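Okay, so here's just one chain, in structure tokens, the form predicted alone.
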Amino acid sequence: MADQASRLRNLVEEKTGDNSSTRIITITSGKGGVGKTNLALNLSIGLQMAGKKVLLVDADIGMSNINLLMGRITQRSLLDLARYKTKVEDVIEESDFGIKYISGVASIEKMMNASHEDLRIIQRKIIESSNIADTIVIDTGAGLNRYVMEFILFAREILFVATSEPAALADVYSVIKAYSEYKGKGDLKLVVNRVRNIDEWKETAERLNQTTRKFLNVFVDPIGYVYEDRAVAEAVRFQEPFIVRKPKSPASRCVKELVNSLLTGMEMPEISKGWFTVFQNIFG
């Protein structure tokens, strides 16, 4: 599996002639319920706001929902790419927020019937979309299965999303362990979601890295955090990305700084939550 994914990554470089001209970022978590998909969507829109041409791929084969977060119903899906005559352009959807996206598959039956060869064809066609987007963001499903691992090994950059909960960290560690066993050589990054303060982010990142360095000899770069923010839940209810609905909210400002960190390599600064947000979270 790792060798096949590596050959596909090399194909990106051959097609573009420049390792940096097409950027593939896979976002994963290991555990459901940590806000991974919502972060993938808002981060993609943030990258588009920063001038990137973004294609967001919902690679959750079985329980996809990125289109629902945007209030869209789509008929075409990622698995349609496994058909011989289907092109990437045939399944790409235009969002109302500047990004293009490919919906996942909300069907357990179709997931069970997807073969390794189907995934190879899909990944090859995603690579061919390098003429459509300069940044491809892939949102994996929750948990750890062959579909998730296929898309993790496929990318040069892997962005792990966790919360400070021990179960969430344990699941992220399990994914990193599996990745290291496949001898993956990607650039591993960590975002801690739903933090209440800066100390919680730093302590969570340090706990994870203490474990990965001790048992796996692996370092995961903690590139930033997103605050716990009522604006996120509100945006989900209205099926609108929070970075669009509440662009000045603490979570939105965190995502914008995460985008800047991804694009420049600079450390994410401390984001002030503001007194209004503090009182809002305390008193509603």
Ligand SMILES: Nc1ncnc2c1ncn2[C@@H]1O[C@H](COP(=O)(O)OP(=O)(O)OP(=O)(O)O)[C@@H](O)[C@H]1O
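Bear in mind that the values here come from a model prediction, so they are computed numbers and not experimental data. The numbering used is simple: start at 1 and walk along the sequence shown.
There is also a form predicted in complex with the named molecule; it is not shown, and the following applies to it.
In the predicted bound form, the named molecule sits beyond 4.5 Å of every heavy atom of residue 222. The closest non-hydrogen atom of residue 228 lies within 4.5 Å of the named molecule in the predicted bound form.
Although the partner is absent here, residue 194 lies within 4.5 Å of the named molecule in the predicted bound form, judged by heavy atoms.
Proximity of residue 82 to the named molecule in the predicted bound form falls outside the 4.5 Å heavy atom cutoff. For the options 55, 259, 45, 34, the residue carrying a heavy atom within 4.5 angstroms of the named molecule in the predicted bound form is 34.
For the candidate set 149, 142, 92, 169, a heavy atom within 4.5 Å of the named molecule in the predicted bound form is found for exactly one residue, namely 142. Contact with the named molecule in the predicted bound form, defined as any heavy atom within 4.5 Å, is confined among 186-194, 83-91, 149-157, 96-104 to 186-194. For the partner-free chain shown, 228, 229, 232, 233, 236 of 228-255 come within 4.5 angstroms of the named molecule in the predicted bound form, judged by any non-hydrogen atom.
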